[in-house]
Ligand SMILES: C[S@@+](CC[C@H](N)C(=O)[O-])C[C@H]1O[C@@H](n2cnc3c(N)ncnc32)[C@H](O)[C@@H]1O
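What follows is one chain in structure tokens, specifically the form predicted on its own.
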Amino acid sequence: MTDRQTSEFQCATHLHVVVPTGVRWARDPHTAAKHDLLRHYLRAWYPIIFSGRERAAYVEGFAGPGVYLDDLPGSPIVALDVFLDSPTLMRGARLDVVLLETHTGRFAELRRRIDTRLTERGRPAALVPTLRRGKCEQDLLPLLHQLGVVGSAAFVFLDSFGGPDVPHDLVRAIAANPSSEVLITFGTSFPTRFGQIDKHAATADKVFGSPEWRAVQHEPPSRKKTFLLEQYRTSLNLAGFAYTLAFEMVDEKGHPLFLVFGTSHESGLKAMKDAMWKVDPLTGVRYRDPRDAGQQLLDLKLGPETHPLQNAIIDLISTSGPTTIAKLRRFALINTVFRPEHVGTALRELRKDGRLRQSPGRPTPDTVIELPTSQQPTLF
């Protein structure tokens, strides 16, 4: 990086949160992985959402310039291209693309890039872009109401620097439509910012929707990050999202980034997990389940290391007793970063190690899984 490029960045905290001050900046591994995830997810979401309706929306509250250094496409361009690459989606459908950006230079660049892309793609009537300069926390919700998007199914990407920086009222308004979903960035600065109770109390109360997060001051340093993340997941549930998924993306230098997904449909949760496990491993990013006590990094490959899932299954059966494969698949979907399909691999390993046993016969969804007799809990 040149001296001039270096001067365009400022470090927000000692936790490696780098906030760009210029119009464009280099795309880091986290961003490349996010865009890969977004691309895979939208390829599933667009066909599903348009199968039963004529209008939907893709929304960003922190849109950026639409492009990075070396002209690599930003998330708004990725979202446009996925839609435009599927001609069947545009027959009788309307996609509102709503992009909000506060920085003057980035907004101008974004408008230019979107205009260029649409000119290249023939400006299809099915795609209706709305670009506005403004702040997400105060301007996005009024804009969505103005456009009539609040009543439409929407995928809302809220990708701020060092977030969460999204008022709970906005999240609740999005969740009011059961067909809408959110994907929100948790930057690594949030434990530091929200850990300073007096300084950030009012802001964090608005983000979390209650003062419950303030109990972080009583947590040990090793637990603060996980505690706040769980508090935020709870806030999304209280906002109206039936299901949440949180996962940590760790780059090759060990820098983490959290993404939190909210949906009201198990099918949406499964689609996000499917997209998550398709992210190109060449981005140099691996996953970590925030709920995994061992904090093991998971490679993005077809046969993932399932030890964290194995431990979660053992803990579940030890606490709740024997269960079925079908229930374990749903448990994996809702409570871990793993896909339901990973349960089979985890169970094979657990049986091989003698840590679990299953009812005789060929495995089916109703097959019972339990602890070996020697490990069954007793009253005395």
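Being a predicted model, the structure only gives us computed values, none of them experimental. Just count from 1 along the sequence shown to find any residue number.
We do not show the form predicted in complex with the ligand, though everything after this point is about it.
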Between the options His265, Arg112, Lys135, Arg223, which residue brings a heavy atom to within 4.5 Å of the ligand in the predicted complex? Lys135
Heavy atom within 4.5 Å of the ligand in the predicted complex: which of Ser160, Ser179, Thr234, Gln310? Ser160
Within 4.5 Å of the ligand in the predicted complex - does that hold for a heavy atom of every one of Ala63, Tyr68 and His103? yes
Please determine, with the chain shown alone, which of 40 to 48, 53 to 61, 343 to 351, 323 to 331 has non-hydrogen atoms within 4.5 Å of the ligand in the predicted complex. 53 to 61
Is the gap between Thr283 and the ligand in the predicted complex 4.5 Å or less for some heavy atom pair? no
Taking heavy atoms and a 4.5 Å cut-off, does Ser75 contact the ligand in the predicted complex? yes
Counting only heavy atoms, which residues in 317 to 344 are within 4.5 Å of the ligand in the predicted complex? none
